[in-house]
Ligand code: AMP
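For reference, the chain that follows is the form predicted on its own, supplied as structure tokens.
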């Protein structure tokens, strides 16, 4: 049976897990890290870097290094969230051909799903190296409050990366799976998920037979650790400008150094009460003098700068509880998920508001990927324990009414699958056509409605006196696919649409990106093989040189040994010329000779 990997495609870091035997485990990458930075960069030569290697060069290549792309995925360029990112990001965000946000990296304009696909490809390679076999299927997690277009964009990223995404699962739900398999039936848990770029809270009930029922969910897809970092950056910029009359945001490299320092300081302040930020030669003034930034930052100051962000997350929690029809005392546990939950102020606030210590039994960075892997295994029958998810629609669904209003048909937090019907009347006598505009909207954000689809009911009875009644029905299946039908009551005339969410990419574009990504992966694997051979040759060259030197000092003037060493020196000299990587085929052919030379010298040395 083929393996299904679980992927937590995070804003700051991503993680991949797989069911190995009876246990799901996170797969470490080649550097030994359990998580991979969600960063992509393009070098001067056009080479694409992903993960840790991209993060290491972010300061010197700030304009061409992408971070927090998840905050842009599935969004229109002119949305408030993208406009905010345009003002703060060190890389360039531009408008795509379909009005969506895209990213300019050197001479390329890449869609956000393409950026995400590069990260997913990296995780796919990590999984394949660990399993020793190709990986084709994946369950990928998304914030519970992602809309349909953001979910589709994430699925498209998986397709571009060469993955069959068999299910998109909400991050808090995946975390609950990793926590709940060992919990008693009837447990009600709130999953507080404060990640790098998004915040979610879901209230779940762990039922009989491995049933995970979501009772309510709420969130903010633009609230996370990135905002905490930005508050620190704003503070540092203001302090520096007050002292030196220089705006650090005017320099992209300085801005990236600030962001990097802010992130490190934030992490350090989870375990210490104060830390130092020291950035020498960060910028020059008008006279060409090098300026340095040095500031002491206390945990208390960090908490002061970010208190309103934490309060926002608590308000969202209370909304989710209210929507689920529960009180704080009805909860058996509050589960902490996401890197930001290491912040002592968040832990204190949770304890204060809910009247209980939060549960820290799951790893905040790994539990989402583990839950996704467990769910993936259950979908293909590899997990013996039954696992059933009963999820909800995070956002309200409805149609635009005459005059631009919104009429809700499916409220947020409705368990799916579901169906709803509502009757509408034509707005004027003799009207023969009714447009049905399907929209999705977050609670208390009617001004940010998302268009999901549009169709028309034609041929309405024009002879009817007065208004004509039209029934509009919504049906949502277990996969979240929305079908909408309109029918005239009198005549039975019907029109319908299956709403297909859009990532901002057309099918031909996705297919072309798939081909390009597959080719890039082949080239990358080939390049990695060459690099591995080059490193092996360098290691052998060093060993042979050392063994030769030892042998010369101990062998004397033996003519037999002299001839042997002359032959080895010839191979060594040729290998040293080829380790620059310019002729990998010749180096590969020479490797066996170099290995034999090393073996011979080892035996002579003994």
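All values reported here derive from a predicted model rather than from experimental measurement. Residue numbers count along the first chain shown, from 1.
Although it is not shown, the form predicted in complex with the ligand is what the next lines describe.
**Student:** Please determine, with the chain shown alone, which of 259-267, 314-322, 282-290, 84-92 has non-hydrogen atoms within 4.5 Å of the ligand in the predicted complex.
**Tutor:** Going through the listed ranges, the match is 259-267.
**Student:** Does residue 340 reach the ligand in the predicted complex if we count a contact as any heavy atom within 4.5 Å?
**Tutor:** Yes, contact at 4.5 Å.
**Student:** Please check if residue 226 has a heavy atom lying within 4.5 Å of any heavy atom of the ligand in the predicted complex.
**Tutor:** Within the cut-off, so yes.
**Student:** Residue-level contact is defined here as any heavy atom of the residue lying within 4.5 Å of the ligand in the predicted complex; does residue 113 satisfy this criterion?
**Tutor:** It does not: once the ligand is placed as it appears in the predicted complex, residue 113 has no heavy atom within 4.5 Å of it.
**Student:** Is there a heavy atom of residue 196 lying 4.5 Å or less from a heavy atom of the ligand in the predicted complex?
**Tutor:** Yes - in the predicted complex, heavy atoms of residue 196 and the ligand come within 4.5 Å of each other.
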